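One chain is shown next in structure tokens, namely the form predicted on its own.
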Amino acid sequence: MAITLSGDHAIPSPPLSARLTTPQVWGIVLLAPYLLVFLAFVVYPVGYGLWLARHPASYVALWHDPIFARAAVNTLIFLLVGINLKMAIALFLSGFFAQQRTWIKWLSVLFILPWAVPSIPTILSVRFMFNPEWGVVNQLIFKFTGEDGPNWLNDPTVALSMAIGVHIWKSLPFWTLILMTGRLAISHDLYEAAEVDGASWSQKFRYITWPSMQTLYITCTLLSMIWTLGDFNSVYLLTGGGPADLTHVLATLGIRYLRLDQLSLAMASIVCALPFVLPLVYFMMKRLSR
């Protein structure tokens, strides 16, 4: 119990429970489980991972590992090509699905299925389709041409391109829906006024749609980059990092080191992704705080 001095007399201060109102007590009680979960499943794993990656020798070993350099380049390609292509297609499709037609509404239900279905069966099904021996793609090639199809995942460039394509196909419906809500929030009166003035489709997009959606589009792009840095499924389930570990990204490289029983290198490779993540988080929070 705290003691406060008043002149020559010591007056005991009331206990903490007496200084808190009932709503404040209930707030602490209800907040405590979430704080415990956050500490147990966020703070502790992140702190333990940073502690494992504390040795400078781990980063020296990464620097001399050619697979790490290739993974870093693949990550940049994945971000620059995959994210920009995905968001551009999502922006276009958001205008298509925003139309009030019955058949478009039914088509949107089919369009959202790749995102709604879990990643493991969908990505593995794509991998089975491109199997060089009994995949349906090579079976169709043999049926119509009489020649054997290629080993699609045996070429690093083709394999990485397919991983980017799978990522776009899997996450495109989500970002299309987000951008579609932004389009629907634009007042229809603006388009009617532009129609009266004889504005073309490109002029409507340039002077009405894009200025109204620019902040949402950039925010979604930054958020998608942050999430894509941790996208493990698209590469690992489709290519497994192969052939010859040439399609690894930083999100999957840690698994390679874990399989080689190199825990410190695995954690260090994940920490190396922070220079990519932190600037994106900073710019996103800065835009949202405007």
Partner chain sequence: MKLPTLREVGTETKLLLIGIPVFIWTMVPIYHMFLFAISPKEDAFSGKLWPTHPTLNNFNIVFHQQHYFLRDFWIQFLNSVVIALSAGTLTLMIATAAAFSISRLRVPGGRWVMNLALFTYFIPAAFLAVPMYRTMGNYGLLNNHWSLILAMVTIASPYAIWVLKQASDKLPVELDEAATMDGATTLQLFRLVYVPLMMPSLVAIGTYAILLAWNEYLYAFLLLSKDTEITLPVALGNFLAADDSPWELLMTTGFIYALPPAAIYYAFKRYMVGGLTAGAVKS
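Everything numeric here is computed off the predicted structure, so don't read it as measured data. Numbering follows the first chain given and starts at 1.
The same protein also exists as the form predicted in complex with its partner chain; that form is not shown, yet it is the one meant from here on.
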Task: Contact stretch among 150 to 158, 124 to 132, 186 to 194, 76 to 84 - heavy atom within 4.5 Å of its partner chain in the predicted complex - done: 124 to 132
- [ ] Would you please decide whether V37 lies within 4.5 angstroms of its partner chain in the predicted complex, comparing each non-hydrogen atom pair?
- [x] yes
- [ ] Give a yes/no on whether W227 approaches its partner chain to within 4.5 Å in the predicted complex, heavy atoms considered.
- [x] yes
Open item on the list: Taking any heavy atom pair closer than or equal to 4.5 Å as contact, tell me whether G241 reaches its partner chain in the predicted complex.
Closed with: no
Open item on the list: Is W26 part of the interface with its partner chain in the predicted complex - any heavy atom within 4.5 Å?
Closed with: yes
- [ ] Give a yes or no on whether every one of I67, A88 and L246 sits within 4.5 angstroms of its partner chain in the predicted complex by heavy atom.
- [x] no
TODO: Could you list which residues of 158 to 174 come within 4.5 Å of its partner chain in the predicted complex, counting heavy atoms only?
DONE: G165, I168, W169, L172, F174
